[in-house]
Ligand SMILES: Nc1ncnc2c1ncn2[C@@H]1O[C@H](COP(=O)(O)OP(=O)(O)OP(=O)(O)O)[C@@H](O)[C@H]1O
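Single chain ahead, by itself, as C-alpha cells, in the form predicted on its own.
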Amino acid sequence: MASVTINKAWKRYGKIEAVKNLSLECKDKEFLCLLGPSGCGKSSTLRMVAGLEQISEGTISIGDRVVNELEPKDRDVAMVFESYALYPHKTVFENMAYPLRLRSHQYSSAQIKERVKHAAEILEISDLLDRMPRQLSGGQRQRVAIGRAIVRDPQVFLMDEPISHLDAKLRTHMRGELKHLHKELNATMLYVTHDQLEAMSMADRIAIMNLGVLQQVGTPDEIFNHPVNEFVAGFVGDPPMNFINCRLEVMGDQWYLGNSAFKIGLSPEMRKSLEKNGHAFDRSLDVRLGVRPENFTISAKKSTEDSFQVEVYVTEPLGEDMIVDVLLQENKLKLKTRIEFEPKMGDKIWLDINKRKMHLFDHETTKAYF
C-alpha cells in the first residue's frame, strides 16, 4: 500500500474552477473520505488521482512517485464507481478475473483463479461465481465490483459513491462491510461521498470540500465537535446545526450572549477559550450562535435564569426521540429530544442550551471563534 499526496492541485474545465489549490494527504493504510455537496470538486479530485482527469496545476503523488503524467493503468490504483460497470455477458468469476486477464503475461490461469477465489471469500460471494450479473441483487453486484478491484491488489483503492444508489437498509449494511473490508485488507482507501453519515461512520479522517475549496480535515470527532466554520458545522449532523444571530456583550467581568429574545451568561470555559484565542472584547460584537438539535433541553416551565420561551411549530415523533420545530422570532429551530412530555403545535415551551456544546462563529467570515 502507499499514501496519496495532493499538492496545490487545480482542476479547470474552461473557465470553471472545479478544484482550487487543494493540498491533502491520504496516509498509508488510511480510510479518508472526501465529503461535500454535489459540485464541490470531490469526484474531480478522485478522478485526477485515478488519471481519468488531467490535473490542471499542481502535483499528485502515490507513494514516492509523481503520477501526473502516468496513464491510469500505470498508477497501480483500483477504482470502484457508483455504477457497477459489470459486463452483462460475463459471469461473476469472469467479471472479477477480467483485470487480471488483461495482464495475462503477469498471471497464470491458476493464479487468476486463486485471486478471484480469495476475493470472493472475503466478500462472501463464493457461491455466486457462476451467476450472471442480471441474476444478482444490487448489493451483490456492488460486491462483485469491489471484488474486481480487490483481485488487482492495488496500492490504493479509489471509491466514488459506491453505495449511494442502494436502499437505506442495504446502505447501512454495506457501510459496516466496507469498514470491515478496509481493516481486513489493511488498505489505503480514498472514498468520495455526499452522505455525511457514511463519512462519519466509516472514515479514519474526513476532508470536507465546498465550491472546490478544502474546508477542514480531521477525525469524525474533530469535524463534529470542532467545526472550523459555519459550512462544516451545518453540513455535518442530522438534523443540521441551528444558527442564531446574537450579540456578544462584555459587562465588567460578565460575558453575555443573546438578542431581543434571550440572554445567556457565558460559561467560564467558553470565556477562557475566547480569551485564549485572542478574542478579549471590551465592547459588544455581532456573532452567530450555533447549537446542535440534541443540545437543547425542553421543559414545560422556566427552569433556569437562562431559560427562554419559544412556540412549537410542528413535532415529528421518531420512536424514543422526537424532532420539535420551534419558532424563535425570525428563526425556526430544530430540536431533538427524548419524549418526556408531548408538546403540541402552538404550545409555548421553555428551552435551555447546553453551554458546553455551544459554538460561536464570526458574523462576517463565518469562521469559528474556537
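Please read all numbers here as calculations on a predicted model, not as lab measurements. When you see a residue number, it is the position in the sequence shown, counting from 1.
Just so you know, the form predicted together with the named molecule exists too; it's not on screen, but the next bit is about it.
Residues placing heavy atoms within 4.5 Å of the named molecule in the predicted complex fall in a single listed stretch, namely 33-41, out of 57-65, 322-330, 33-41, 302-310. By the criterion of a heavy atom within 4.5 Å, residue 9 is excluded from the residues contacting the named molecule in the predicted complex. Interface residue remark: residue 161 is counted as part of the site for the named molecule in the predicted complex, having a heavy atom within 4.5 Å. Remark: residue 18 counts among the residues lining the named molecule in the predicted complex, judged by a heavy atom distance of 4.5 Å or less. Although the named molecule is not shown here, in the predicted complex the stretch 211-228 places no heavy atom of any residue within 4.5 Å of it.
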